[in-house]
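The chain below stands alone and is given as structure tokens, in the form predicted on its own.
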């Protein structure tokens, strides 16, 4: 059995615009290190991003109003919050100081933006295309040898202190090994096990690379029990609803991060025309069909309360009467302290036309959160139940 070795490559400080491969090769030559067949080169993502010029001076960032609002909520610098919004696909939520985001199928704190190991007043973004960077580094450094390259970062696990490694990109080996069908110690067949090979290798590398001023942005792993190949596969992900963490926790509304501002404004305007002489609770809804048409309406109260109709169903009725059956989103706005959420009957009415309809819940002063209809009405009674 081969012995696993993790050998650090100590380099000079990597700066924006530096040729990372040249810096690594120079440091390896100085230390007497060389790549051989079967070796795995692990490089920190911040080093790759820095060399690629993904370093941003916060003084050059101009926050939009949404960034100011969310920065207050999560105790962040508005300029950093603006970058988080730009770099992420979705804001899941957060706690003071940390915003949990989705980016290209991965879950990242603060969209991966890092102020550590960045010059004062600057932050480092993720590499623009980590998989492409890993491929190019391997092409230049292999020189005919069978090696793999992994670009890695560190992460925390839910409810655990401390960081472990995670691979952002991997070239030259399969990042995940499917162990299903293998037997355990008692001969039972494994049903769901997949080995996160690339992540585990990054974790081993992190012990040597460290998180502070070690000055070791890369390591060579020798003797790893993995097969080197020509694989150039993106790190596999799973859909958020299939993740046991996100799937279990995601039913809560998430912060609104833009995309439906016009729809929200039409809902606010509709609220002004609502008929609510008994409660004074004015609500407007604007429903966007997949054909691009918008149907807006306010709530209609009645002295016989059972005859009242909510704004959401009033807008839906207008759309159905015009022949629409497929909808993308609905914005709801009302004169309430908190963003207005649809009632149970409205949720049931909306889910009839699709579980993935985006619901933007707002108030008249500008607060907003978002969720899908399925988030708001889990285990709904739909046509699937009738089948």
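Since the model is a prediction, treat every value here as computed from it, not as a measurement. Rigid core: the largest C-alpha set superposing within 1.5 Å between the two forms. Positions refer to the first chain, counted from 1.
If you look for the form predicted in complex with a small molecule, you will not find it shown, but the lines that follow are about it.
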Interface residue in the model of the complex among 115, 279, 229, 182, criterion: non-hydrogen atom within 4.5 angstroms of the small molecule: 279
Sole residue of 343, 34, 322, 57 within 4.5 Å of the small molecule in the model of the complex, by heavy atom: 343
4.5 Å heavy atom contact, residue 310 to the small molecule in the model of the complex: yes
Non-hydrogen atom contact residue 301 with the small molecule in the model of the complex at 4.5 angstroms: yes
The small molecule contact in the model of the complex: residue 283, any heavy atom under 4.5 Å: yes
Answer range among 163 to 171, 293 to 301, 214 to 222, 133 to 141 for contact with the small molecule, defined in the model of the complex as heavy atoms within 4.5 Å: 293 to 301
Core fit, then residue 34 C-alpha moves 2 Å or more between this form and the one not shown: no
Rigid core fit then residue 57 CA moved by 2 Å or more between this form and the one not shown: no
C-alpha of residue 9 off by 2 Å or more between this form and the one not shown on rigid core: no
